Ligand SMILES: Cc1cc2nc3c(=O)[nH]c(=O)nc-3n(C[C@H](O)[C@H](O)[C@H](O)COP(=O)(O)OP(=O)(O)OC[C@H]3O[C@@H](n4cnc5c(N)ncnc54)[C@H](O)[C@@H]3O)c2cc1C
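Take a look at this one chain, the form predicted on its own, written out in structure tokens.
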């Protein structure tokens, strides 16, 4: 089939999937005012493949066939760099909001290939490879459901009062398994074709039922999606230049006795694989994360420079100091992202980003993101929250007053446009959304620090310290 058009992608969403939004069942996702906007945002991944400017980046050729470049299995650092650039390019086209309907799913597929090859699971690896080829050849959109709802977090899956708080197998049949439970924070689920389900943590003996990985069409009976409305109602393009046209939807994804055929079950009853699958997926996905954060950081840097000029403060020493910090922060994250690709390692023929470096890139981004917001807000001033609305600006009576009194070093229209962009990025709902993602998405700050600690080999530094101190390395 090759690469689908945006129209083919959207038409494929008109099926019997069960989606609820603001308490109501959604009849057709592409036609819904909010979910349809999110689906059209997701279609950017398909639009890039049609754009001559980006086609070489978005499409790869193998023999006489063409596929989405997201499905290109990375074999070396060059492939990882190209993947990062594609993710960054798509997110830039999405006005700093990641697309994520091919990025995250291929992260999971690459991880499963590594884990199953590492453990010599020929059956599971064959199923993953077959599913990968199907998704690649049909150019499918994918979500990943990994984070269980967890219940009482002081207790393991097998210790919960309700065993469904982690997705589990409730029945095995000759033709497949039946699963029940729920995942949360599942991005893009209402407007993808398939959802890949992975464990969220390590499992122990007695937790075989929760040690399962599989894929299922979103429209499968028993799959129920309850969509978040966090960015609902962003309908003023004057003050919300991003979220009126771009949206991502996350869901509570419930599996209510869902049947999964054996050919779609990648592993089951394998506590020894559960933690490995969770961690290996993250090794790819945190690299995806820092790749899609780069346009957001560029936007903050550009907005900080622009609003300093618009306010007439760009020559002040303290302003130059703030802008220098902001630029240094953004370029540090970019440099670490590139370094994670350059320092990549290879397992089972799949190149994966350097674990320590990609986690350091993500940690650096998350640790300092709120300071970056504070810096840009400081440069912008109080009009971020006291400025006029789009209705004010369109009023023949009010607009002349605004134009007279809200000008700075730039004319009022240009100054307000930049203030509204900064407000969208840092102060309004979209800014709050991005601020929360910085703390929790793709793993918490503590998770990134833990991954860095685990991945770091202290041998070289420790040996050097002993040598300089005149001590033997016993």
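Residue numbers count along the first chain shown, from 1. Here the structure is a predicted model, which is why all the values come from computation and not from measurement.
The same protein has a further form, the form predicted together with this ligand, not shown here; the description that follows concerns it.
**Q** Ok, 437, 417, 37, 406: which has a heavy atom sitting within 4.5 Å of this ligand in the model of the complex?
**A** Flagged contact: 437.
**Q** Name the residue from 421, 441, 49, 43 that puts a heavy atom within 4.5 Å of this ligand in the model of the complex.
**A** It is 441 that has a heavy atom within 4.5 Å of the partner.
**Q** Hey, with this ligand in the model of the complex, do 150, 185 and 446 all fall inside the 4.5 Å heavy atom range?
**A** Per the other structure, all of 150, 185 and 446 touch this ligand.
**Q** Using a 4.5 Å heavy atom cut-off, which of 208-216, 106-114, 79-87, 150-158 contacts this ligand in the model of the complex?
**A** Flagged stretch: 150-158.
**Q** Is there any non-hydrogen atom of residue 145 lying within 4.5 Å of this ligand in the model of the complex?
**A** Result yes; residue 145 sits at the interface with this ligand in the model of the complex.
**Q** Taking this ligand as it sits in the model of the complex, is residue 410 near enough to touch it, meaning that at least one heavy atom pair lies within 4.5 angstroms?
**A** Residue-level check for residue 410: no, no contact with this ligand.
**Q** Any chance residue 433 has a heavy atom within 4.5 Å of this ligand in the model of the complex?
**A** Yes, residue 433 lies within 4.5 Å of this ligand in the model of the complex.
**Q** Using a 4.5 Å heavy atom cut-off, state whether residue 193 contacts this ligand in the model of the complex.
**A** No, residue 193 sits far enough from this ligand in the model of the complex that none of its heavy atoms falls within 4.5 Å.
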